[in-house]
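As C-alpha cells, the next two blocks hold two forms of the same chain, structure 1 and structure 2.
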Structure 1
Amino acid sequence: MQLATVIENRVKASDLLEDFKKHPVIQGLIKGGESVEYSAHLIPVTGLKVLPLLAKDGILITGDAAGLVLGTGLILEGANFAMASGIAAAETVIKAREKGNYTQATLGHYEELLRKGFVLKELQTFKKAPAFLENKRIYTTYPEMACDMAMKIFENDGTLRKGTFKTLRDSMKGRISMWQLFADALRAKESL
C-alpha cells in the first residue's frame, strides 16, 4: 500500500489487512494461525530521481535510510541493497581508517563502490518505475479490463463470442481510449 493512497481514499491499512484476511482464499491459508506480534514499517520507494545522500564528514548512509529500495510493481527489494551497501560502507571505513581520514572526500569511495556494484546500476535502470506506478489506471482500469475480458473469453453460454481483438475493444469501451492504452504501454516500456 502506498501511504498516499491510504490517505487519499481515507481507508486505514489496518482495516485493509483485516479485509484481506477475510477473503476466502486467504482464510484457507491462515486457518489455525496465531498472531504473535503487530508491526508496521514504511518502505521508502522513491526511485533514483537524484542521487541520495550517501556520505558526509564522518557519516555513511546505507540501506533504507539512504532510500536504496527498488519497487517496480512486480518486485520489491531492499534487503539485498541494504546488505551490499553495508559491505561497501564497511570496506570504505577500513580504507578511511588506514588513512586516518573520515572526511566526505575519503568516504566518497563508498559511492564509487555502489556505482561499480549492482546497487546504483539497478536503481538507475528502474529509476522511472515509482513515477510510472503512480498511474491509477494500473490499479483500477486495467484489472477491471482484465477481469471483463476473461469473462468474455472464458464464459460460454451459447451466445457467439467475438474475436479477441474485438473483445479487447469491447472491454475498453467507457474505460480507456486506444490512444491512452498506447501511451501507458509506451511509458511501461520506458519505465519497467
Structure 2
Amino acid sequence: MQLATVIENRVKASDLLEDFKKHPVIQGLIKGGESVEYSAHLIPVTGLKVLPLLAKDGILITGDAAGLVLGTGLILEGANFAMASGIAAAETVIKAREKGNYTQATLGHYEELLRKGFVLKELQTFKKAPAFLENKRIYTTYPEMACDMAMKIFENDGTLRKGTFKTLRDSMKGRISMWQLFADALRAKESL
C-alpha cells in the first residue's frame, strides 16, 4: 500500500501490521507467537529531487533524516547510506573543529564527501525510481498478471496449454494494453 493511499484512507500502521499478521501464509509462521514490542516509522524514499540542504551553519543532516535512502522497488536500502553519511559528517566536523569554523561554507565539505563516495552517486543512478514507483500498475496489475500467467503455465488439467506469448496476451486482456506494457517496461529500464 502506498503512503498516499494510507493517508487518504487514514490507515494506522498498527492496522497494517494486524492485516499482515492475518494473511494465511503469515498466520502459519507466527501461530502461538506473542508480540512483545512494536515500533515503526515511515522510510522516506524521495530521491535526489527532494533532498534537503545537507549542511547549514552549525548543522549537518544525515541518514534517512536527509532522505538518504535508496528505493528501487527491488531493494530498500538505507543503513549503509546512514553509516556512510555519518562517517562523512564526522570527518567534516573534525575538519570544521580544526578550523574553528562551523559555517555552511566549511560544513559544505560534507556534501563533497557524499558526492565522492557512493551515496549521492547511487541516488543519481536511480533518480527516476521514486517517480516510476508511483505507477499503481506495479502493485496491482502486474502481480495479478504474473499470478494468472503462472497458473496458466504450471496448471495441468489435461488440456493442451497455449504458448507463453499467447498466455501473456490472454493475461493482459481487460487489464492492460500492449502499449501500456511497453511504456512501463521502457520507464522501468530508464528508472531501475
Partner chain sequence: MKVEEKLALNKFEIDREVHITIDESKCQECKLNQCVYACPADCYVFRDQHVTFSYEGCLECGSCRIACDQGAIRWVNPRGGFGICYQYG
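Predicted, not measured: the structure shown is a model, and the values here were computed from it. One-based numbering along structure 1's sequence throughout. In this text, rigid core is short for the largest set of C-alphas that superpose within 1.5 Å between two forms.
- Looking at the condition given, the form predicted on its own, one finds it describes the source of structure 2 alone.
- With the core superposed, V11 shows a C-alpha displacement of at least 2 Å between the two structures.
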